[in-house]
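First, one chain by itself in structure tokens, the form predicted on its own.
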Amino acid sequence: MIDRLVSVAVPVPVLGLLTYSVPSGQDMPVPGARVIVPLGPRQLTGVVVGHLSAVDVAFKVKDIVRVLDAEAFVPADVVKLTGWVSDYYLAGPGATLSAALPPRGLANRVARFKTVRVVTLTERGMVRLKADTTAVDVASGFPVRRSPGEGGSRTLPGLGPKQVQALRLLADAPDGRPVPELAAAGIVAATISRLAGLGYVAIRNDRVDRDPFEHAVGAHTPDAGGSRRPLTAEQQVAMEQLLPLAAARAFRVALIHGVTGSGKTEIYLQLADAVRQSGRGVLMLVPEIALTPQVAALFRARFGTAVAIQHSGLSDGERHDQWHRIRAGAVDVVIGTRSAVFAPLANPGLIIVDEEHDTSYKQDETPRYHGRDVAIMRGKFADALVVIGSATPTLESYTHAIEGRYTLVTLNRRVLDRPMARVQVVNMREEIAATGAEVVISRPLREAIKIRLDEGEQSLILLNRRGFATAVVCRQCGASLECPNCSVTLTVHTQGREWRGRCHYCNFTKLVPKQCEQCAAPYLERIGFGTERVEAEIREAFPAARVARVDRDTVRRRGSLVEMLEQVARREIDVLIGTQMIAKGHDFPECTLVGVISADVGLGTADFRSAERTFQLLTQVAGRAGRGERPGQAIIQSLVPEHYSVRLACDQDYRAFYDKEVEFRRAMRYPPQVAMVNVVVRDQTFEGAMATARDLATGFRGAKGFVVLGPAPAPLIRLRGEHRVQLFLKGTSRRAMRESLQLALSRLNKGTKAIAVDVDPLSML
């Protein structure tokens, strides 16, 4: 019989909870504390999840090596939340807990705060002598000789010019100056050490919290100095629905379905203010890092320094300091992307998920959690109000709302009764027939851009496809330039005067050859187009325009996306071209035109959600136009303008789209009618992947409550050098599917590292 046992989560994705014993004479570590434990030949840092009762075991239980925390490092409610995520998404508890920790949170030592050396004048350095012909202020740095009436005479050591400069700088700073600040003025460490040795200065170490707001918020200055704005009649009704839910201190979910520009953010702010005044915390999630500057600026202006930011775009030091500020209770509002759902915020009373429909809330690696759904569970555990908002809610969320599981709050009008953008659809089949050539920018869109440039207004042009051309094809034999690692063609990019093919999955690149690699014919043709081609055509058509492009190729550098969006806000850019990054929640009051190139580009993907995503993208990007005083216009180019997702997006008619789309989902038994789990098996050979997938599928025999589809080749049959086979579980009981899948995985003779499990998948690829 062994007692004094603890369950520990270690950062190894495929491992479950491990059991260790606590040596006698050592205090039991509390749940949430970090401990160093042996694992094979290694020592890892894990987190104690709970204590175990005394049990009989047939194997030797190893002792923990060391306890790092006397108190819980990870709060109990976050430990509970990560446990739920591990169970629901079939992910290792260590991998999930790692997602909830600050950078180096599982290092084999206690994390240290950043310190900075501060130099101050000593008492000697602050001495002021009586002014006469020989006595001078010591801080001036000149040699000083005492005059005869002042206790004899002596000469202080002569000081060099840099030492004089340092003392003069310090004389103006009673609290001292940081060493980096002195270094920027040319005062090196040797100079400071010399002054310290002479007794003129003292050096102390101060802890410094790295504050990311200065560069994370940038030029986003909110109007009216952060004061409360008067509510519209619709906003007031919404607040009357939401305030009692927040005050009840009970778990509820509310969906704010508000058209673009209807003022959802002001509702979030005033609701957050009420919750803060009640003594509870506020957590707000946004889908993209690029959206945090404007949101953080608004909350910082309204609530001061009691606001923290959490997202991967911050430096490790900034994330570390922000995490610890939250953990220490120094803030009561946290703003961040999906990982901020695990922030150690005490007693959350309000959790907001803005743009809840956005696919960025879904993580595409273990643990494959959805930030919105985890936020809802955190609200449930905390007895908090969860508010999710969107102009284009997911079918799942809207179904919950109309069936009464969520409270539905509707905003049908824009603030100040500004009109929605006027939408024009251009049938590109007719445009191509009229011009007789491949058309990128239609005649109506070209003319509309010209008008905006003449009027000094801004335009946004969206094409959700990167590169200059989508493929290179030989006109003689039909061969295309393909990635050797993935089953995709290479996208053509310009690089100086070179044409390079690039794989957007594994990043393989090669120069585009002069002749076909299959038949040696010199008839290679670039087909299709992406954002680079659009940029080139707009620059050629409007050479005087200030044009910029936003996609993954132009915003690789940290902070570059925020800088570019600030340029748009300062009206330093006339035409902004980009992928879906520019369609998400940005507020550009001077933008009066939105153009959408190839609006139907997503409809051809092998995904039952393609119509929903097309509708959401078109509705959202059209909502970027006309948010200021001047009315907006959206021009949508499409080869299939009659498709219901395109047509209803132009009408901004969400309910009509929902009714049409849910009919299709019901007929085909897709979510939200049923739940799904996607299982992808990878192997160096297709045969090996298929054999493993068949063995896995065999483990589901006799299971009830769901059906198994497959195994079959995945749409991307080869990715990053590995062959891929997938199977789907589809049914009404997620629990039955998860339990059966866990059992089937345990029966496999081989490891599960090459098996990816995605519960509630958003991508079918």
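The first residue of the sequence shown is number 1, and the count goes up from there. Please read these numbers as outputs of a predicted model, since none were measured by experiment.
There is another form of the same protein, the form predicted together with a small molecule; it is not shown, and what comes next is about it.
Checking 416-424, 598-606, 450-458, 486-494 against the small molecule in the predicted bound form, the stretch whose residues place heavy atoms within 4.5 Å of it is 416-424. For the options H311, R465, H370, R627, the one in contact with the small molecule in the predicted bound form, meaning a heavy atom within 4.5 Å, is R627. Taking G379, G281, G263, G94 one by one, only a single residue has any non-hydrogen atom within 4.5 Å of the small molecule in the predicted bound form, and it is G263.
Of the heavy atoms in T614, none are within 4.5 Å of the small molecule in the predicted bound form. The small molecule is not drawn, but in the predicted bound form it has no heavy atom within 4.5 Å of T531. Contact annotation for R229: at least one heavy atom lies within 4.5 Å of the small molecule in the predicted bound form. Although the partner is absent here, D695 lies well away from the small molecule in the predicted bound form, with no heavy atom inside 4.5 Å.
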